[in-house]
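Shown next as structure tokens: one chain only, the form predicted alone.
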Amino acid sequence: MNIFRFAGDMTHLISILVLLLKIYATKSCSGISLKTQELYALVFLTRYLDLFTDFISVYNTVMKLVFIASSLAIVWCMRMHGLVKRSYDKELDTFRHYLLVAGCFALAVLVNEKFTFQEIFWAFSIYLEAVAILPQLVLLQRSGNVDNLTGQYIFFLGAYRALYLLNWIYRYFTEVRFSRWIACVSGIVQTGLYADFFYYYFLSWKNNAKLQLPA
């Protein structure tokens, strides 16, 4: 555990709480991509398979369970909850996310740190998380605007990945046998995907106005 990982975990938790606040307070998921949320649920389910085989710490176990449960709860609300389901922008959320799943799984089979069941799915989850935000960003570009809570959710989500990238870099220089290069490269790719959103988010914040995205 280091300050970058802890800050990343807390920022990630804040992003989820902001999203849950939007859904439960407004009874709406307008502006939120169900496909991105499904991808994140798949990310956590495949990454934390070690819950059944390894115990690291109470903190580690609790955080894994929180991320799995919260991601599944968000997907359930968007698919099953009456009021929330009716606010879903299905016509705008058309990204073919199954192509991301197939591509990331194929890459995980070919490029992994150890050819075992658990390591392949760990690599798959890392690759998939790097691109899971794409359906959300496409939806926002098509809708043309981002409400305050949705903008904050994506901002904290991007900050979490940037902090985790610093965590991997820190561990690379401080741990003798650290070799999670897949996480480092994927983190760089994912952080890069947020760059355009961050630009418009800070521009909106600076102008104290609603965030407008280009069509």
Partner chain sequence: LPKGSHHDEL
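Residue numbers count along the first chain shown, from 1. Since the model is a prediction, treat every value here as computed from it, not as a measurement.
As for the form predicted in complex with its partner chain, it is not shown, yet the points below apply to it.
From the list 185 to 193, 34 to 42, 161 to 169, 148 to 156, the contact stretch for its partner chain in the model of the complex under a 4.5 Å heavy atom rule is 161 to 169. With respect to its partner chain in the model of the complex, the three residues K22, R79 and R86 uniformly fall beyond 4.5 angstroms at the level of their nearest heavy atom. By the criterion of a heavy atom within 4.5 Å, S30 is excluded from the residues contacting its partner chain in the model of the complex.
Looking at F124, you'd find every heavy atom of it more than 4.5 angstroms from its partner chain in the model of the complex. Although the partner is absent here, I56 is a contact residue: one of its heavy atoms lies within 4.5 angstroms of its partner chain in the model of the complex. Within this chain, Q118 lines the site of its partner chain in the model of the complex, having a heavy atom no more than 4.5 Å away. Shown here without its partner chain, the chain has only D9 in 7 to 21 lying with a heavy atom within 4.5 Å of that partner in the model of the complex.
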